[in-house]
Ligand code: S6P
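Starting off, we have a lone chain in the form predicted on its own, written out as structure tokens.
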Amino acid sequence: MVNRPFTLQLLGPQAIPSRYDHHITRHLSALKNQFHDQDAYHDALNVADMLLYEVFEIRRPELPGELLFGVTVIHPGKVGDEFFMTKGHFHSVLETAELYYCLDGEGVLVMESLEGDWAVEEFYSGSVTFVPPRWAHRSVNTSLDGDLILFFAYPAHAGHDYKSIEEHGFRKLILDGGDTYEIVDNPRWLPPERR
């Protein structure tokens, strides 16, 4: 781990960093219970454990004052009528934010707060999206023709709470509506007071 200033290049059609410390791959099996159409999920999983997305991280000490950053590449595809997406998470340290810069592709960032608010912000090449503290977030590739490529940065001590999302999902789903995407209520989501 370099503890001096450094510069990276985002190379090639997928804008993979010229150097990275950690390459994470998430396959369909890693998103168990996250897709609303569980029959379609199991049918797809029986055919292949498809690669949904990859993360190329630049690691830093997980301390206040440091930043973790890297690139996420979400591949195109659907399970039933729901687009490929990331697992989604809250930060373990709730009072930490995150920033996304869309390098290429089309998609949305689905967010919800512990206080009951929700938002869906569009990703498009050159867009910058801010995730406030206390908001869970999940990236969704709404294109079936190409990758959604995102640069991200967040405080290194933030951590990830995937469990809350794995257990209860997000309150909004992003479905293929033909010419565009649709935002619909998740019928399996439970409000915090009913969990």
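Residues carry their position along the shown sequence, with the first being 1. Source: prediction; values computed, not measured.
Note that the form predicted in complex with D-sorbitol-6-phosphate isn't included here; everything after this is about it.
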Would D-sorbitol-6-phosphate in the predicted complex be within 4.5 angstroms of a non-hydrogen atom of every residue among 26, 55 and 98?
-> yes
Location of D-sorbitol-6-phosphate contact in the predicted complex, chosen stretch of 154 to 162, 38 to 46, 140 to 148, 58 to 66 [non-hydrogen atom, 4.5 Å] | 154 to 162
Using the partner position in the predicted complex, report whether residue 78 sits within 4.5 Å of D-sorbitol-6-phosphate, counting heavy atoms only.
-> no
Using heavy atoms and a 4.5 Å limit, would one call residue 105 a contact residue for D-sorbitol-6-phosphate in the predicted complex?
-> no
Applying a 4.5 angstroms cut-off on non-hydrogen atoms, the residues of 80 to 99 near D-sorbitol-6-phosphate in the predicted complex are 86, 87, 88, 89, 91, 98
